[in-house]
Structures are given as C-alpha cells and as structure tokens.
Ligand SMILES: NC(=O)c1ccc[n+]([C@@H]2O[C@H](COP(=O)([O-])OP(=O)(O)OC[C@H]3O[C@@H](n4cnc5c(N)ncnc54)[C@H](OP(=O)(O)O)[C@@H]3O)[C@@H](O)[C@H]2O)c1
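Here you get one chain, nothing else, as structure tokens; it is the form predicted on its own.
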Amino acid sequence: MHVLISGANRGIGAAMADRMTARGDDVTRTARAAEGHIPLDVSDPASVGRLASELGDRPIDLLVCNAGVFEDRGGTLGDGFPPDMWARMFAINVTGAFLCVQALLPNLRAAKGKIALISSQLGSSENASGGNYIYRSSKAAMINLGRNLAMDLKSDGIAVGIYHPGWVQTDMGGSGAAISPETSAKGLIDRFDALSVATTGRFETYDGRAHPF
C-alpha cells in the first residue's frame, strides 16, 4: 500500500509514518523542511504542484493530511488573533489539505484510495469552551471540508475519514498531554484500515468513538 503523509517529520505524523513503514507499507513522507523527507509546504500551491509532478501517475492508496499549526494558543480576545495569523493558519490547516487532495486526486482515483483528515475535537461545535479562535475555526472548517469531500468523492470509490487524534504529547499538545504519539498513531491507523465508502464522512476519535460534529 502506498501512503502519503504530510507533516511526517515529527509528532503524530512521524509516528504514523514509522509504524506504517514497519508493517510494510510504502510511505512517502513529506515535510516543509526535514532531511529524508520530500519537501512539501502545503500552504504553497507551487510546492503542492511540484509534489504532484514528482509523483506522476503513481497511485496513492491513502493520503493523510496531517500538517497543521496551532499558533494562537494563549491569545487574548482584546488584542490577540491578528489577521495575518488567521490567513497563515487557515492556509496550512485547511487550504493546504484541500490543495493536496485536489492535486493528488488523479493518484487517488487510480487506486480508489482513501483520504484521512487529521482535525481536532476543538473543531466540534459541541466543544465550544472558548479561546483558541483561529485553531478551533480552522479545525471546524476541516471537518466541514471532509464531510463535503466525502459526498463528492463517494462515486469515485474514494472514502474520506475525519479524525481527532487525542490529546497527544507533541510540540502542539505539550508534555502534559494524555497519550503518546505512538498510541495516537496506532489508533489512527486502525481507523484508516477500517475506513471504507460505507463509512465515509464520519468524524471519529483515534480510539474508534464517533465524535459529535
């Protein structure tokens, strides 16, 4: 199985890539700048285009849109969340995922592949506890993106899953988070393996629970 993972240089992305490689999958690891990874800046259409050109017509069985940033942590309502931060975070967290799907759609169609979007429970409308406005909004947009992609790609035999990876001990989640990247990766890969056109469009946690939208 050929798997392409964005943001595979650290954290959950690296753990997923390592685990899938270990079980025998052919993993294309991408990152903005990391030795041993194919360069990919998901916020740059030219970079996404170069990746698509490099892959040519090679089929993709699973595209994992994992690249993301969380830059607005701790921002205050009075003077935080500047416009350029909104633009940058949406460009990476939402537009970047869409650009990858769009550019690699011929590769996915060739394999009748799957798309996994790594979102967050903070994007759920039922988890509105305040703060982190940009991150929450971008992850909510990713949930919506996944739901609509699932509708449009179902006739192509391409399944789309949306996932909350858990609160993970990464640079983004912090050292006090609940689970390790390896635990999250194992659960997510189980979800990817189970994903099918019959279950397309669902929002699930890494450990298999249905998550409210």
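Don't overthink the numbering: it's just position in the shown sequence, from 1. These numbers were taken from a predicted model, which means no experiment stands behind them.
Keep in mind that the form predicted in complex with this ligand is not shown, yet the notes after this line are about it.
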Query raised in the report: Is it the case that K139, H164 and D171 all touch this ligand in the predicted complex, with a non-hydrogen atom of each within 4.5 angstroms?
Result: yes
Report task. Determine whether any heavy atom of G68 comes within 4.5 Å of a heavy atom of this ligand in the predicted complex, and answer yes or no. Result -> yes
Report task. Tell me, yes or no, whether R58 is in contact with this ligand in the predicted complex, where a contact means a heavy atom of each within 4.5 Å. Result -> no
Query raised in the report: Taking 4.5 angstroms as the cut-off for heavy atoms, does I134 touch this ligand in the predicted complex?
Result: no
Query raised in the report: Is there a non-hydrogen atom of N9 within 4.5 angstroms of a non-hydrogen atom of this ligand in the predicted complex?
Result: yes
Query raised in the report: Taking this ligand in the predicted complex, which residues of 26-60 have any heavy atom within 4.5 Å of it?
Result: R32, L40, D41, V42, S43
